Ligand code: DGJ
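Only one chain is shown below, in structure tokens, and it's the form predicted alone.
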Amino acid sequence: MAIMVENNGRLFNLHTKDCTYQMYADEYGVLLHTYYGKKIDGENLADLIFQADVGFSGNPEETVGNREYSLDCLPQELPSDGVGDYRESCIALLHGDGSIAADFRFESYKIFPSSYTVEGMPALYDKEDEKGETLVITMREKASKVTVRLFYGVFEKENVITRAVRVENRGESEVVLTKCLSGCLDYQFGEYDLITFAGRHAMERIPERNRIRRTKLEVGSLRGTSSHQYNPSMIVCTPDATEDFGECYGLCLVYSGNFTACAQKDQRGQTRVLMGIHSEKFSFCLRTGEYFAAPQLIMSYSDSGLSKLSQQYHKILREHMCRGAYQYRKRPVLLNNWEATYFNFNKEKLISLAEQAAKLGIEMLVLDDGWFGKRDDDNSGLGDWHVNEKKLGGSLKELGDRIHDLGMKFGLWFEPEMISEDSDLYRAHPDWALRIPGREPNRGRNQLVLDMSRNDVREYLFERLADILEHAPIDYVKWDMNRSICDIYSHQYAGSQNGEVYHRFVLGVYDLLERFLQRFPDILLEGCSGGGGRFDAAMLYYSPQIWCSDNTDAVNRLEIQYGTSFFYPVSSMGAHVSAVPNHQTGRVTPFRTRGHVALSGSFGYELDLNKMSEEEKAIVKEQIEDFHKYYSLTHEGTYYRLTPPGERFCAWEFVDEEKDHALQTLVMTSAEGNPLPVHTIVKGLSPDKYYCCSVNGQVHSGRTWMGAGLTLRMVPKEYESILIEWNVVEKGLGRKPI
């Protein structure tokens, strides 16, 4: 069993293949966090906790004068607010009498032979032949009838431990939950760095690494979504940690709304790390019998560097978070019309693009924004989900049938969560928008946000989307969301419940997505929020691929896709080849380089094919052949980061499961006179197998390739790229070894 309970039901060891997570409920019922790291035998490690009389750190009443016992110094699983732990807490309550204390103590536990679910939210799920285990620990608040259930899930083979929280009011008066984070890790000893993933629209998820000190490090989002600015994922690692060395702890929140992630050393040098829903602008009223469920936190540990940690996340998210028809099915190569036409299109333009695409081997045409209502720019029409047949020169079914007749699939863009003030929907239902009465709203793109917490709003959207998809041959939907949420006010949850709206909005989005996929299970759904503004584990539950960034510049994409790869599988990254000069940066890069970069993702094009040269069209055919040739590597293989962006060149590698085939991509990012040689490392091969390299025909053992690496015979020019393959051969084949 992965979950072991000893010491009269008070010592809990969660074992995965390579690690152990240990907790101990002490004599006062405080649930202590005693260990997380390399796999151990599971003896009680509470004796590692050093207790001393620390000035200004008070003592619980049960200790009867024992000044060495203080919540302010103990490593805990559920640090609470207002009861003597002055560090960051996980949970805070506002009681009916105005008090804010929350003192939770251990009551009981249960073990279940399967993974748990989180009501209304995504969570890692069991497969028929791969089931997790669940430990549920019940904690009771000392002076009230509020209970907390801590859920711990163990995926033994994948080295993953999850955590979720459920708070229930069993008392007779209402309680307001003002903070509820999903997880806490307390490290008693050691120095650690914190890696977070920051950015902005069109430059998302750029890694930042800082030493954890007594000055609090905190990132998060108050934009209503997980955001372009910060991602709900972070890594705690030893200062010496590299891709292949050092201890690393990953924390990935399964949530698409406001979140916080923070780390700080305390007065005794202990490190506390927390993650969950942001407590600012959050409150949740719990009446008698009501409960609140916090989102799942996915934790993973590696004792051999960042690469292994990333690979564990790639596997668990690809196999136990992504779902549906396209979880494993090959994704079609698509052409999105956006950068080819923007809003200026008609049926003839679209058919012309499709005809050219079909000749080149592209498998799907996606019609982006502008096909509905009054929508010739981004100032009107959102919410009016009725096909503009005048603009299309006929019905959507006629257009879709024409695309299908060319042997292609047909996709469509939606932005369901938004509403334009210049729309029939807004004129009919102004109360459906998130807008504070008596105040002018903060506008983004001249659009407001629909109140997704309302059943009637979701019902309208579902009916409109379903009506469109049931009357046209749609194979793919791009689900966009193009502004941050402000002016938070719901007519349904006004007054004391207004602090619930941000979270209820997210639950409403999940509800609509789930209903949509239940009705249309064979559709490929791609998530989007101005590119990567909602690229998180929760959205992968609904959309197995997410548009990685609105920035399609190949050089910028090196950074964006590099940062994204620390947690999210390459198969989830929407990546396209676009025109040059690039529409976002003005940079000119070779067509082949744009293809090589986009190949590390779910592949497609975003340009006007009719403006390409014959040489470029020939390259498109080659790129599509490469996509199919290398698909099992890029979408199912093991991924290695070889160099970070910002050096002379950027390189990464895929290796198949059998370790018979490897593919490395290398992009030169700078040029210099009298250039130095380009030497790249090689990873992931089997030491005892022999491999032939595609660029020089040399044969070496995997041990030799990984030890010595490869030197290119010629130095590529700036922004040029190269694909390098290693294929298993019999010893002695190929050219004579060096």
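Quick caveat, the model's predicted, so the values are computed rather than measured. The first residue of the shown sequence is 1; numbering continues from there.
We do not show the form predicted in complex with this ligand, though everything after this point is about it.
message: Partner absent here, but in the model of the complex, which of 546-554, 291-299, 164-172, 76-84 has residues with a heavy atom within 4.5 Å of this ligand?
response: Flagged stretch: 546-554.
- prompt: Using a 4.5 Å heavy atom cut-off, are E88, Q267 and R272 all in contact with this ligand in the model of the complex?
  reply: Checking in the model of the complex: none of E88, Q267 and R272 is within 4.5 Å of this ligand.
task: Scan E559, D368, E243, D126 and let me know which has any heavy atom within 4.5 Å of this ligand in the model of the complex.
output: Of E559, D368, E243, D126, the residue with a heavy atom within 4.5 Å of this ligand in the model of the complex is D368.
query: Here the chain is shown alone; which of W413, F345, Y249, Y116 has a heavy atom within 4.5 Å of this ligand in the model of the complex?
result: After the contact test, the surviving option is W413.
task: Verify the contact flag for K397: yes if a non-hydrogen atom of it lies within 4.5 Å of a non-hydrogen atom of this ligand in the model of the complex, no if not.
output: Judged by the heavy-atom cut-off of 4.5 Å, K397 is well away from this ligand in the model of the complex.
query: Within a 4.5 Å heavy atom cut-off, is N482 in contact with this ligand in the model of the complex?
result: Because a heavy atom of N482 falls inside 4.5 Å of this ligand in the model of the complex, the answer is yes.
- prompt: Going by a heavy atom distance of 4.5 Å, is H628 a contact of this ligand in the model of the complex?
  reply: No, H628 stays farther than 4.5 Å from this ligand in the model of the complex.
query: Can you check whether M234 is within 4.5 Å of this ligand in the model of the complex, heavy atom basis?
result: M234 lies outside the contact set for this ligand.
field: Within 4.5 Å of this ligand in the model of the complex: residues from 513-534 (heavy atom criterion)
entry: Heavy-atom contacts to this ligand in the model of the complex: C528, G530, G531.
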